[in-house]
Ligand code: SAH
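One chain is shown next in structure tokens, namely the form predicted alone.
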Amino acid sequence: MSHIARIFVEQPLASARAIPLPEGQSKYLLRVMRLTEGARVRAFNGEDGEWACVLSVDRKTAILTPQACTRPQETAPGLTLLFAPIKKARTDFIVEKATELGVSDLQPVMTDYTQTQRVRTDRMRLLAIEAAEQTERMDLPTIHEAAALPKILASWDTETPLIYCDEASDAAPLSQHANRLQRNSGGILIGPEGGFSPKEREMLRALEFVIPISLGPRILRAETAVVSALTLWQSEVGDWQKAPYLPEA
């Protein structure tokens, strides 16, 4: 694993184009990482690949000057995670692990049994950035505003299969639906604590693009179900066939 700091930047990355960093990132590099003038830093912005940069310091501001593109841009599979928000720390866990596991979109869903009504997409973005920085991911998931389940289903692309994790039925495991899955494209729907209401279950099962699946004999907590379902999908039709990127030390 590389010991060179890696950060996400909002600005375009191009050779010799200096990038002054905001206060938070400057503090991180200068005070937490204790980097000094001339240190090497890796930077990415989700569009221009990863760049080797040289650090300079102007008082309390860290400035990165890109030197060369060391890794071409890559994007995660087109997988949307639809999840009902739960308690703060556990929603944080979902966002972090979903980013690590390569989802392209995060869609909070309001259901009949959703207990948490406030969703902070700004906090979700910060968590996604940190997870992407630490896991060599080259892009960030798109984070959508929360929406009601019927509205999301009404606008869903019916050509894209939506996996519905149904703990209250005799649905088959994901592996038995391999012929209905699409390589690098799909959605996974995880309900709140307490699952979906009978009305929601009836609505979901009436839709042809929805694939009900089982996650096994045990009733999983919502965040555990997220990790389990994402792992199953990635191993079946995702990008886990690719070897991990190993940066130089």
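Just so it is clear, the model here is predicted, and its values are computed rather than measured. One rule holds for the numbers: they count along the sequence shown, beginning at 1.
As for the form predicted in complex with this ligand, it is not shown, yet the points below apply to it.
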Options 61-69, 35-43, 48-56, 185-193; stretch whose heavy atom lies within 4.5 Å of this ligand in the model of the complex: 185-193
- prompt: So which of Cys165, Ala128, Val103, Ile94 reaches within 4.5 angstroms of this ligand in the model of the complex, heavy atom to heavy atom?
  reply: Cys165
query: Closest heavy atom of Leu181 to this ligand in the model of the complex, within 4.5 Å or not?
result: no
- prompt: Could you tell me if Pro198 has a non-hydrogen atom within 4.5 Å of this ligand in the model of the complex?
  reply: no
message: At 4.5 Å between heavy atoms, is Arg31 in contact with this ligand in the model of the complex?
response: no
task: Examine Ala225 and determine whether its closest non-hydrogen atom to this ligand in the model of the complex is within 4.5 angstroms.
output: yes
message: Heavy atom within 4.5 Å of this ligand in the model of the complex: which residues of 201-215 meet that condition, in order?
response: Ile213, Ser214, Leu215
